[in-house]
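One chain comes next, on its own, written out as structure tokens in the form predicted alone.
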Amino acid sequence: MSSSWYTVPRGWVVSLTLASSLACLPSTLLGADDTRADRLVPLARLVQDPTPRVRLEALRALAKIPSAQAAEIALTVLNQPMDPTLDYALWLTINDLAEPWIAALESGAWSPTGREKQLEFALKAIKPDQASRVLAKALAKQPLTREGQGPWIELIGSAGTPAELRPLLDQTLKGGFDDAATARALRALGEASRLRRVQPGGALTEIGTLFSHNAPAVQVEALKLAAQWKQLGSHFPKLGQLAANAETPAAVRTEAFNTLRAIGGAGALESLTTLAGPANSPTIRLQAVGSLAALDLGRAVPVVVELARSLKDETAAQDLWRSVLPVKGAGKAIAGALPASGLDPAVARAGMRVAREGGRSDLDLVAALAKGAGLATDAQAFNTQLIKELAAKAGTAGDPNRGEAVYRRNELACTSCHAIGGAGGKVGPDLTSIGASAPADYLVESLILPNAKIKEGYSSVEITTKDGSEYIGTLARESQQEVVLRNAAGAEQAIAKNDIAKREQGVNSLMPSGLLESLNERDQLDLFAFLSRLGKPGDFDASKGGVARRWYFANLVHTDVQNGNGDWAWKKPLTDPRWKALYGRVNGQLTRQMMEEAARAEFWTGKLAVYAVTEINVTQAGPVHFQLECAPGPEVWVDGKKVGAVGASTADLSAGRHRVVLQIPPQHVPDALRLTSPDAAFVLN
């Protein structure tokens, strides 16, 4: 922890002294009935102090006053920003005050309504037998409803013992919850197992009965839970059926493969070997081989090589490499089995990029892929002088408008890792003002030699788990129970600390070297020119808000109306695969080419409208003004109600999040489109 945390402004020394003194003030100086009250009044103020050190001292002072009121005041510190030291101080304090707090909770003197966050923290802090007692009495008074109302499902998962987890599992298996609450219950049971190593008492194999549930969200959580418990009995064959069925929802199929990998054993190996065979579709084979590699690398390598030789699509090839290379030793094993020639250059380039992304450095594999596809391992050797020459040439010959199009190419995945104006990935540094704050030669060097200078806070973290899996990414967040990494694809990976065998600070950048190998010189110069302009006044200044930058596109088709689903655009979650995500240009503009690509459909599809969706947050209820800049045709709808068209429009909205839908005639997609609002914050991620 930074020593600056302990630095206390002079004006707060008195507060620190007061907090410390109150803890030790002898009761003989006060009336016996007034001791606690006289201490608690100033401590209630100090525990909300803006200085963390003062809050810390107040917490430890409260721990010496054994009363429910002291515990109640201590828990209010959660209303302020927390850090690991304050977390620990509150944990100690609530442990010291556990019995009076429990008595107040049981008597009703302390109500959890509106204090769910405080209740969760306290139940995690106190001893397991105390938490079990609290949960048992609470649930006896108010059993879990079918809708799972209240915080109790999650609290059972975070603090319950096997005695509380069992009834939760039984109610789930018996259909005692609706679909949403069932998924929550399964998730809570999974977190108890993953983070605390606590499982319900009794038999667990019946979790497999939920693999056939009609709600995909329930299937996903049931499969995750089965992977934790590793007890399926007669339900094991269902995993292979889910994985092999082309009609299985993609998220469910992915978890079926993950569960096969987690359970392991001869049955899982046999299923995965069959699923990775040539009789199955490429999609299923790609998923199967990653899980197979984790269980038996030797069996998987021939399949990987066969797929590498047969694939032609770069995106599919990238999926292949990303599925197998996290397995320890996979890069070297595959390198030794690759053919000396005949690899498709696109497949090889995808492998070379993945082999060097995320701080990984599988040089043997890079060399083997380059040789097999007739590529150079490095496009050219760059030195300081050449970097300066490229930077100067980009300034005179580079086109930043074309460079922005290069930046947004899917194969470069720039938007997956970096954000501009808050829209984009969080793996690498935000690029909103990079052109205004960094010299051009620094930008060129960062792209060509990403490991030369790594921005502080963006070094990779390398974690090896006890089962031999390797995870590389930047640290997204960390708690006492788990580490969450953000990998090079922008996905978050949660790793329970009790599963970690080794954790190291990486020495390489998450951005892969050789990223520009697929670009010709003109594309490279245009890209350099674009980055150099970011943050400077004009069309490449994304520092100002009030403009929509994150969009989702889909089509309204005849069958939607025929099936009574004409309003699905206002109901479907934006995570639904029907939506195609799209980032606008730096100035917030969407071009016709971008929109038509995002709304592309098969020629026989009867499109009635193109939907472009974004979301806003409104902090205060009232009128919200919109300005839609484009040619006539599109209409503006908010929460299912039409509010206007091109130009200015206004909607009276409540505080909170709202969905804004632009309904665009499919035959009249405008050449450019831009939506702004001075009264709302557009959701960027």
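The first residue of the shown sequence is 1; numbering continues from there. Given the structure is predicted, the values throughout are model-derived calculations rather than measurements. For clarity, a rigid core is taken as the largest C-alpha set superposing within 1.5 Å between two forms.
One more form of this protein exists, namely the form predicted together with a small molecule; it is left out here, but the text below deals with it.
Engineer: Report whether the minimum heavy atom distance between Arg285 and the small molecule in the model of the complex is within 4.5 Å.
Structural biologist: No - in the model of the complex, heavy atoms of Arg285 and the small molecule never come within 4.5 Å of each other.
Engineer: Can you tell me whether Gly428 touches the small molecule? I mean in the model of the complex, with a 4.5 angstroms heavy atom cut-off.
Structural biologist: The answer is yes: Gly428 has a heavy atom within 4.5 Å of the small molecule.
Engineer: Any chance Ile454 has a heavy atom within 4.5 Å of the small molecule in the model of the complex?
Structural biologist: Yes, contact at 4.5 Å.
Engineer: Any chance Tyr407 has a heavy atom within 4.5 Å of the small molecule in the model of the complex?
Structural biologist: Yes, Tyr407 is a contact residue.
Engineer: Could you tell me which stretch in 238 to 246, 208 to 216, 162 to 170, 409 to 417 has residues with non-hydrogen atoms within 4.5 Å of the small molecule in the model of the complex?
Structural biologist: So the stretch in question is 409 to 417.
Engineer: Within 4.5 Å of the small molecule in the model of the complex, do we find a heavy atom from each of Ala63, Leu78 and Phe121?
Structural biologist: So, no: the whole triplet misses the small molecule.
Engineer: If the cut-off is 4.5 angstroms on heavy atoms, which of these, Ala612, Leu443, Leu320, Ile94, is the one near the small molecule in the model of the complex?
Structural biologist: Selected residue: Leu443.
Engineer: Answer with one of Gly535, Gly150, Pro450, Gly506: the residue that has a non-hydrogen atom within 4.5 Å of the small molecule in the model of the complex.
Structural biologist: So the residue touching the small molecule in the model of the complex, by this definition, is Pro450.
Engineer: After superposing the rigid core, is the C-alpha displacement of His235 2 Å or more between the shown form and the other one?
Structural biologist: Moves: no, less than 2 Å.
Engineer: Comparing between the shown form and the other one on the rigid core: C-alpha of Leu519 shifted by 2 Å or more?
Structural biologist: Yes: Leu519 shifts by at least 2 Å between the shown form and the other one.
Engineer: Look at Arg409 and decide if its Cα position differs by 2 Å or more between the shown form and the other one after superposing on the rigid core.
Structural biologist: Arg409: C-alpha displaced by 2 Å or more between the shown form and the other one.
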